[in-house]
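As a starting point, one isolated chain is supplied in structure tokens, in the form predicted on its own.
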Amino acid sequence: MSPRFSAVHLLVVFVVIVAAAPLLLSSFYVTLLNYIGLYALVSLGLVLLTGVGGLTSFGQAAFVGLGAYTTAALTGATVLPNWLAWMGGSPWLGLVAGLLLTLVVAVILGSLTLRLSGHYLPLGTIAWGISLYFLFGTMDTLGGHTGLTGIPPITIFGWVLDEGGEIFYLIWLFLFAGMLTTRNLLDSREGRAIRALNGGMVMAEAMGVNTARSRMVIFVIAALHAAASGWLYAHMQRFVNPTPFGLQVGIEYLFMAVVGGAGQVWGALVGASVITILKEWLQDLLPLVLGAIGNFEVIFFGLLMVLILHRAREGLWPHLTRLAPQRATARPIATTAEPLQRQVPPPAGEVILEARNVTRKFGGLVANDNMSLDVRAGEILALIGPNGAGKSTMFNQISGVDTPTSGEVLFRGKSIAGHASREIARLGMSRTFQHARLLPTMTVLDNVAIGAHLRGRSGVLPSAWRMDRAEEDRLMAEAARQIERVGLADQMFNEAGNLALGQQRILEIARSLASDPCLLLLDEPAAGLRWGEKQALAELLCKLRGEGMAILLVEHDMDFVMGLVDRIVVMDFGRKIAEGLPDEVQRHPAVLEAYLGDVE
């Protein structure tokens, strides 16, 4: 039995057990499972938002309340304004209204919150979480702190879901649908863009990912998961008040995601199950042990979180999977997939990049001072100089990471100064980084496929429902071609973090090639490599040059540079002090004085 087949069987067994639960368990445990399903649905959004996207939110309980109060107000009210009267009484229309309202609110809050970084981002989520909580409790139309009653049960084709064992199936159907679509999304072009957020904004933007859009996408999806959970909660309880939507509950949702495994889809269910069951048991057991009544489970959860952060930072799900280890299976590559469309390459010798009098000032510091250079198709140009010469700053002006104070940068005849990195990448420029920026837990294949992001079009919904498979086959086939092109075919399905440093640098080049560039910017590609690895890198770069690729590299290894490049530009103190053929530059007096016999 293959590991994949075994995993499918385990899933089928689990689904059968869940389906049989209301028939075999008492109403108490069915209700407990209902709450686990509701909490897991919210935690699933946090897996995407926090675990994968790296955005911490303490305010998800407020979105649960938004979904719950919307349907409660529409279905439980006796009188509604004329423009809303047609929606009254129908829980399903209440679901639609709750999701639409949550979508609008999430976009507004996301536009404000997601501009924050560091510790300001979670503080922002706390702020609007508290604000929505008090809004629920102070509005008379929402029943104040007393809440709203008279919420009707959900009906499906005349079947009234007014018991815990009946709404159970709807709750778990929503949860399984959410888990399926989330898993599909992560295994797609959009999902790789979301995962790239954890590799750093600069890397993601250089690969053509609109990071602001990707952050907003996962923020909205997490909010919609929470709102759907709130809708189910309201019609299960038939009553809502603000208590379940406060900041403390929002923290518990985050606990669930972290305890289960914040980067794992199944971690949401594991975390919700562990926290919910423990909370129920501890509320009964701790007073018996301690001889007092109080919220002692909160203290326990705090200690539990500290223990998990020390011992199992990835959560419980990865540890559970190790109990039944399965051999990784190679992802099938559609070798017959139609190749992606390519840009028309420029003719050999054509100037494709031109920097004219680029100056970059940081206050009183002049990092680049009237720097000019050009790169032609089919050549390798090296940009060298001592430490602090301004090479990296110049690289950033060219690639769109930074904007020149003055001067002009032309790429294929178009001015790109001040343009975003992803816009420049779309024109045919790609880059690597001084320190390899990879997603270590993803395979080599998936890392390279991130580079092909701009060559796909499928959005969130097609990805979530597997309607993007034809394009996905083409993207993965392109990634596989680039991996074979650079000589890493035998590492294709290994995790990128397990590669040697030299292989990681080659992998970055393959990722850049997947975007179909005509210009490669390589930032110290030979740094830290052994002699054999440098030879392999030099052979690859010569091969790319022979195929018409233009290459601009920043490098400090003079032996590597002199035997490889066509021309050299030397910088010192932000200025160009020499330019020419390798032999000419080596004998240039200004270069000898700048280096004093020692190369950076």
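Don't overthink the numbering: it's just position in the shown sequence, from 1. Predicted model only: the values in this text are computed from it and were never measured.
Below, we turn to the form predicted in complex with a small molecule, even though it does not appear here.
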> Among Val306, Val344, Leu323, Leu365, which has at least one heavy atom within 4.5 Å of the small molecule in the model of the complex?
Replying inline: Leu365
> Can you pick the one in Gly502, Gly456, Pro244, Pro386 that has a heavy atom within 4.5 Å of the small molecule in the model of the complex?
Replying inline: Pro386
>> Which is the contacting stretch out of 229-237, 246-254, 390-398, 148-156, given heavy atoms within 4.5 Å of the small molecule in the model of the complex?
In response: 390-398
